[in-house]
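Here we start with a single chain on its own, the form predicted alone, put down as structure tokens.
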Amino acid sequence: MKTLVPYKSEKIKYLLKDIWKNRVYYLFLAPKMVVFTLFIAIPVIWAFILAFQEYNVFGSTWVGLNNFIKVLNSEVFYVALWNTFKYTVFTVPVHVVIALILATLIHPLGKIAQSFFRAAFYLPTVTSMVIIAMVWRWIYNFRFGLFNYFLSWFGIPPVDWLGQSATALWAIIIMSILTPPGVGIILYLAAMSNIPDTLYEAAKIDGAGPFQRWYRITLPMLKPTTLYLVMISTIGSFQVFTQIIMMTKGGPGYATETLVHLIYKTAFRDYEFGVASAQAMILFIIILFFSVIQYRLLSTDHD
């Protein structure tokens, strides 16, 4: 045991010496670390603590697992979970497939054409989701919306897309699907550019056609990019919020209630911060579970 003390002290001295040697770099990192600590690390730790408390400004009470039990016994929570799951199942695969198809069509083009289409598909992603939701709310308008205007051409009566339970969630899903997957297209194009041309030339010599080259070479080489896109898309879809609060506010009834919107209402409408924190912890576990499953299925390390 005595031999460990000098070893640890030498290790600490080496670490401090390394920090002092690279002090300029750490100085540049300091503002980012301060922001991360104040606005991410501390709130996450505080939310974890709140999940086991009944919050009160004048003094919180420790309630153990009562908040989690309350969440798991809530019917609204399961409705929100099902709506979020349905939204994820229908939007994530479609977004990834559309991005792959569009990137495949763009990649053989010249540099100028590629740059044009990259900008055309990526620029909408820069636009705030609040603005996009406002535009789509006008498109879905019952009286003068664009969708109902097209339906009138075929003599179909107008549909209250966002005002009835049968169509509200599907309207939001359609809106998300029709929003260009700009990030996915950019990432796929970058990955395709890194695939060696020699692989395609060898396959062409062996008599492989265009589809066979795409299926046997391009798709396997894009597997890491696909894994990344599926994971970040799933995480983003489970956190869907802006579209809900701007277009339906979870209604009609609970037809479009999602987990993050439910957490928002529980915390800032009902002021049950402990329950909202428990909901957030459960959402974190759900996202972690799906992320691990996706990594196990799509990771190249297990091939």
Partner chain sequence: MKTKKWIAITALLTLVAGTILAGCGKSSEQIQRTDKSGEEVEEKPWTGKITVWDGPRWADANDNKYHWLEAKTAEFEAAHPGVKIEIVQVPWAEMPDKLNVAIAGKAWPDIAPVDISGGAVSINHIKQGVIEPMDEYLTKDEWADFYPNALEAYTYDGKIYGVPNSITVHAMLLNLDLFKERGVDPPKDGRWTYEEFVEKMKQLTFDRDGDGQIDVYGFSTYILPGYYEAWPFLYMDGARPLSEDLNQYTFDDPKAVSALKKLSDLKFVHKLAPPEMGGNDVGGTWKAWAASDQRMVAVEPWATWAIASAQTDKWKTNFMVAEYPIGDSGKPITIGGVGGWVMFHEENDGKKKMVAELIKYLSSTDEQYTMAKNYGVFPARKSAAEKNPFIDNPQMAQAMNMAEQAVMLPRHPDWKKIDEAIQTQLQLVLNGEKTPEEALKAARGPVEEILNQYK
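Small disclaimer: the values here were computed from a predicted structure and weren't measured. Residue numbers count along the first chain shown, from 1.
Here the subject shifts to the form predicted together with its partner chain, a form of this protein not shown in this document.
By the criterion of a heavy atom within 4.5 Å, residue 43 is excluded from the residues contacting its partner chain in the predicted bound form.
Remark: residue 64 does not count among the residues lining its partner chain in the predicted bound form, judged by a heavy atom distance of 4.5 Å or less.
In the predicted bound form, no heavy atom of residue 238 sits within 4.5 Å of its partner chain. Heavy atoms of residue 254 reach within 4.5 Å of its partner chain in the predicted bound form, making it an interface residue. Note on the interface: of 111-119, 195-203, 212-220, 159-167, the segment with non-hydrogen atoms within 4.5 angstroms of its partner chain in the predicted bound form is 159-167. If you take 227-249 and check each residue for a heavy atom within 4.5 Å of its partner chain in the predicted bound form, you get 247, 248, 249, in sequence order.
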